[in-house]
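Here we start with a single chain on its own, the form predicted alone, put down as structure tokens.
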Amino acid sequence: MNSLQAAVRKLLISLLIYGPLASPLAWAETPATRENADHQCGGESCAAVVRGLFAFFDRDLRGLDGNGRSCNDCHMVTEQFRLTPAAVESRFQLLQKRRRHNPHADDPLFRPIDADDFRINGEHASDYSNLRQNALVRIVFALPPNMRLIDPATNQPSDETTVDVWRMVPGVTDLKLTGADGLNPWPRGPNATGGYQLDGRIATLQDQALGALLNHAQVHNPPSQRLLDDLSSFQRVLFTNGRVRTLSEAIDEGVTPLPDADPPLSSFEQQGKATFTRSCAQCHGGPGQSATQPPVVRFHEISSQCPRPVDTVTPARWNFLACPPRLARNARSYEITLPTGAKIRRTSSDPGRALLTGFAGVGPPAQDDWNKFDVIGLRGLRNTAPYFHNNSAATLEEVVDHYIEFYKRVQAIAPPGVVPPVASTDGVHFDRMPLPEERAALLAYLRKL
């Protein structure tokens, strides 16, 4: 049994145990399925869940005329439904080995659309550096009317109308607990109270599936609404573990207080949880650990993009780990026209929600959309390295250390007398930053999520 077969078997067993999804194959497309379509599995039609499961792994969805990719090619079940650099490189090397004996051997993960040289060589592109080294895929955005890319060769605005950014592949577990929550709205849409994808631009799981089929599987024919609904149903019964599933069921049933999804914790891990509550839960809050808590604003820049802020004061008051060349190369400079007509330039490997709104350089940085992303859930964190939207943190230690520098920077650049809520529990003291003696306990707790 290979690793994919073993992972699918484990997934089916998990669904059988926690669903309950009794006799999954009995719910395939049969007359009995149609007659019992209202049978529920985790609040979803059992028939839809099983159809969605099969569709998730199907590389040849009938009638769609795609590029051979299944959802699992990018959301690898063996990698907690994500992509990792190690898994991508392993697949690439295996493909090269197979091609020594069969020149026509193929792996649908490696399609020209995600090659670095796609804009130059089109369907003949073959440089998969970002995919192999970083496990990042290409996302294409139309440039907002007030933003233009700077040509690095001439240092002048180019005539490009779209921009490519490179992002990690989010997991698909616990999605039922994320998405829009109707609380703590951001001043602008889309999806002012959160959504799907790293920037929150997608409102529903059906729309997310549609976007993936069009842009990554490159289907030529529109998928049916039932297929999109089935994929949504399948994802809505995927949870990190049974405790998170129980939490979701309690929310559905209106239970109060909600059960704690944490496993039993040692006293040391309990100390880490207290640090997490103070230092992290103001952003990673709510049942899905993905909702900011007022007065903290909905979307934040956490300085994980490239290039990262560098302090101009000596000695430096903060020191982010610099982006390695394999990530720094993705940075582009933008010319932004402000409402006054003035023009400014900013550089980023991924401007985040600013690519949706063009709202950058207007008002205080905390209120614009530049480099802003939605908040992701943290359950199963120990198994989902690397971290951040660009896979730039290899370990949880790097994540915690990055946020320590983040808090140092917030304090250093805050105007006199201003204590931002993101860094303060009382609006008076800068007291959210994990202390050196708290670091180990916080890491121990994060590994139990």
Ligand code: HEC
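Each residue number is its position in the shown sequence, starting from 1. Since the structure is predicted, the reported quantities are computational estimates derived from the model, not experimental observations.
One more form of this protein should be noted, the form predicted in complex with the named molecule, which is absent from this view; the next part is about it.
- Comment: 191-199 is the region of 313-321, 264-272, 99-107, 191-199 lying near the named molecule in the predicted complex, near meaning a non-hydrogen atom within 4.5 Å.
- Of the residues 284, 148, 236, 332, just one reaches the named molecule in the predicted complex with a heavy atom at 4.5 Å or closer; this is 284.
- Listed residues 244, 88, 291, 209 were compared with the named molecule in the predicted complex; 209 is the one with a heavy atom within 4.5 Å.
- For the chain shown alone, residue 71 is a contact residue for the named molecule in the predicted complex, at least one non-hydrogen atom being within 4.5 angstroms.
- Residue 328 falls outside the set of residues with a heavy atom inside 4.5 Å of the named molecule in the predicted complex.
- Within 4.5 Å of some heavy atom of the named molecule in the predicted complex lies at least one heavy atom of residue 114.
- Mapping the unseen interface onto this chain, residue 399 counts among the residues with a heavy atom inside 4.5 Å of the named molecule in the predicted complex.
- Contacts to the named molecule in the predicted complex (heavy atom within 4.5 Å) from stretch 271-306: 279, 280, 282, 283, 284, 300, 302, 304.
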